[in-house]
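Only one chain is included here, represented as structure tokens and corresponding to the form predicted alone.
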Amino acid sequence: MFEFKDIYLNEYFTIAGPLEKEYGVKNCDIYLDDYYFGEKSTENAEIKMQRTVLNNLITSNTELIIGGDLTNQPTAFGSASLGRKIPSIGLYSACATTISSILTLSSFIINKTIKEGVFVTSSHNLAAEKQFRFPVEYGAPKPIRSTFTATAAVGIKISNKPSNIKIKGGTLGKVVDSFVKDAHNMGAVMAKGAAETFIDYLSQTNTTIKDYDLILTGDLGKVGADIFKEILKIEHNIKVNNHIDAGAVFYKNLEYSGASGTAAQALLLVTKFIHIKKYKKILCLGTGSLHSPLLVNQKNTIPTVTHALYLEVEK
């Protein structure tokens, strides 16, 4: 478990894709007109997205860059960090990368190794779908239980400089077996890990669900969010009324279970939830499906991990 003092979220910069704008994701700094962002490939578009975010956040005071993405061996992060002459750490926790990166960066600051760092992450629908399932161009039908990978990039500056958003603590989750083999059903894959990390965090902090204004999971989608709440109710006798899943509310009136991707939770956190007055104590559960085409094609069950981050926001 992590406990932080005098660690703050200072600035952020966001980019969202064309469908995200169409379906109601608001307050982003840049909206893309198409999926290519002036590049010849979707992978290069995602690199440009991260590079643009970093260009708008990095200053002479930035001492460390941490982040990741979904494309192979964090392709976008590595290329976007290239040539900056700033120490960089690429992390991969699938869609839990946001939370694991913020916890890692905050640890460097609390230990006085650095004073300021930048976190960056992204996901791109065309790049991720091609890697994990089928290229979108194939037109392969997807079941309604599936999620739609969000196209977005998010950067967050974290330091010991006071702001109205305090990073108070968190915990790293354990990798668990989801007992699910369906690569389309990411919500079912991740719900078990989300529930386990949530219960672990409550136990470690000696808190209850009533101590938080909002429990914000990452990208369980509508299907996974229902399973998450059902697990808590049946196995732990906990009724959740203050839970929102970022993926489930990401798109309005779009088929499927909602949004997925490393950027989904981070995008809605900084553009929406930290600005809602009633949400002063926010527990973020970053949900990650640690699957690959290799595991899926060999009919293995899909491992999952969830990390937790606790924020306090002064309105």
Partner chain sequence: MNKKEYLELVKKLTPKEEKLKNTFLAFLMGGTLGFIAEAIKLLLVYKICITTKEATTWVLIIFIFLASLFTGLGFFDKLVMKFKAGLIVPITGFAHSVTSSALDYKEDGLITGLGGYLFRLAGCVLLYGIIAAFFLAILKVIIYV
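Predicted, not measured: the structure shown is a model, and the values here were computed from it. Positions refer to the first chain, counted from 1.
Here the subject shifts to the form predicted in complex with the partner chain, a form of this protein not shown in this document.
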{"query": "Glu137, Glu230 and Tyr256 all contacting the partner chain in the predicted bound form, non-hydrogen atom within 4.5 Å", "finding": "yes"}
{"query": "Partner-proximal stretch of 200-208, 74-82, 137-145, 101-109 relative to the partner chain in the predicted bound form, 4.5 angstroms, heavy atom", "finding": "137-145"}
{"query": "Leu216, heavy atom within 4.5 angstroms of the partner chain in the predicted bound form", "finding": "no"}
{"query": "Close approach of Asn61 to the partner chain in the predicted bound form, 4.5 Å, heavy atom", "finding": "no"}
{"query": "Interface membership of Lys40, the partner chain in the predicted bound form, 4.5 Å heavy atom rule", "finding": "yes"}
{"query": "4.5 Å heavy atom contact, Asn185 and the partner chain in the predicted bound form", "finding": "yes"}
{"query": "Listed residue that, although the partner chain is not shown, lies within 4.5 Å of it in the predicted bound form (heavy atoms), from Val180, Ile244, Leu172, Ile238", "finding": "Val180"}
{"query": "Contacting member of Val154, Ala191, Ile158, Ala96, with respect to the partner chain in the predicted bound form [4.5 Å, heavy atom]", "finding": "Ala191"}
